[in-house]
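Starting off, we have a lone chain in the form predicted on its own, written out as structure tokens.
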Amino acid sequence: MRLKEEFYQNGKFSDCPIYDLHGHMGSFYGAHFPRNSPEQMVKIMEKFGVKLLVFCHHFTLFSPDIGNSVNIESVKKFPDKFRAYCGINPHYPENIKKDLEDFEQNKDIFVGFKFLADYHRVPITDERYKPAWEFADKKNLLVLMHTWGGSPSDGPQQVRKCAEKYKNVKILMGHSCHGEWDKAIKLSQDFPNVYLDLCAVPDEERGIIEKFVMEAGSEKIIFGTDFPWFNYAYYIGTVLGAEISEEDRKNIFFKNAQRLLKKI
């Protein structure tokens, strides 16, 4: 049975696990998430056949007094369902040293780092990120970055500078430099360590997933949703509805993520 038919009939796949490499957790100011706790999120993941979510908690990104402790706590509750990004807040450089120490002590928790430069208003090229960049480069880790077209903090130009400097980091372009698709694709073509992320991509226009696959190759695309911000049914449906092959879909849903995580 083809993936599309199976999902429409059963709501999940029998032999195509889904790895979501761009998630969050917890409440967020100005937004309502009816299911944002680890327990509630696991139920939704199981409903749609999501095998693993790699996330960074909202509190980590915006509450330096809480920091990465909530990431560690959440993964320990469901170690078979979650892994975390170690969130870096550049406004508190004194905390980054502790973040790196926590990473070393929780290698079964973290797979890399999360940068949210547009929100923190500190470019990803800023010296305050350097300790995390160098740590990730030395250990071949993932770095998931919020990237956005036209941004002075994490636009295509800033991503290129980081990719040129930190060649061992697996750079996941969250939102794929949203709107500047050609530049994002060029980055993924120019650097073997740079990947396109589907989070917020399908909201712009039809045909972008096909464009990514045709020009960058499905091996350079990761499945990301911002869950619990967006619904799994919608994001899975956009991949199933795209005019791409079954092998392309499997690359996006799980094969690329398995390959990236296996190296850590």
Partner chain sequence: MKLKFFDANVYIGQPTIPKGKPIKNANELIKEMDKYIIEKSLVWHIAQRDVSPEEGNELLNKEISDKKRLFGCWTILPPQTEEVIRQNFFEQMKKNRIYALRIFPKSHNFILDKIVFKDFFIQLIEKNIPVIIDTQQISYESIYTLLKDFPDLECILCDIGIWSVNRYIWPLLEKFQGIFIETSLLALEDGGIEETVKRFGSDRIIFGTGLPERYPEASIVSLLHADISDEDKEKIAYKNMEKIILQVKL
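No experiment lies behind these values; they were computed from the predicted model shown. Numbering follows the first chain given and starts at 1.
Separately, the form predicted together with its partner chain exists; it is not shown, and the next lines address it.
In the predicted bound form, A200 approaches its partner chain with a heavy atom inside 4.5 Å.
Proximity of F223 to its partner chain in the predicted bound form: non-hydrogen atoms within 4.5 Å are absent; the residue sits far from the partner. Of the heavy atoms in G217, none are within 4.5 Å of its partner chain in the predicted bound form.
In the predicted bound form, its partner chain sits within 4.5 Å of a heavy atom belonging to Y119. Within 4.5 Å of its partner chain in the predicted bound form, a heavy atom is found for every one of F28, E204 and A242. Along 47 to 67, a non-hydrogen atom within 4.5 Å of its partner chain in the predicted bound form is carried by K47, F48, in order along the sequence.
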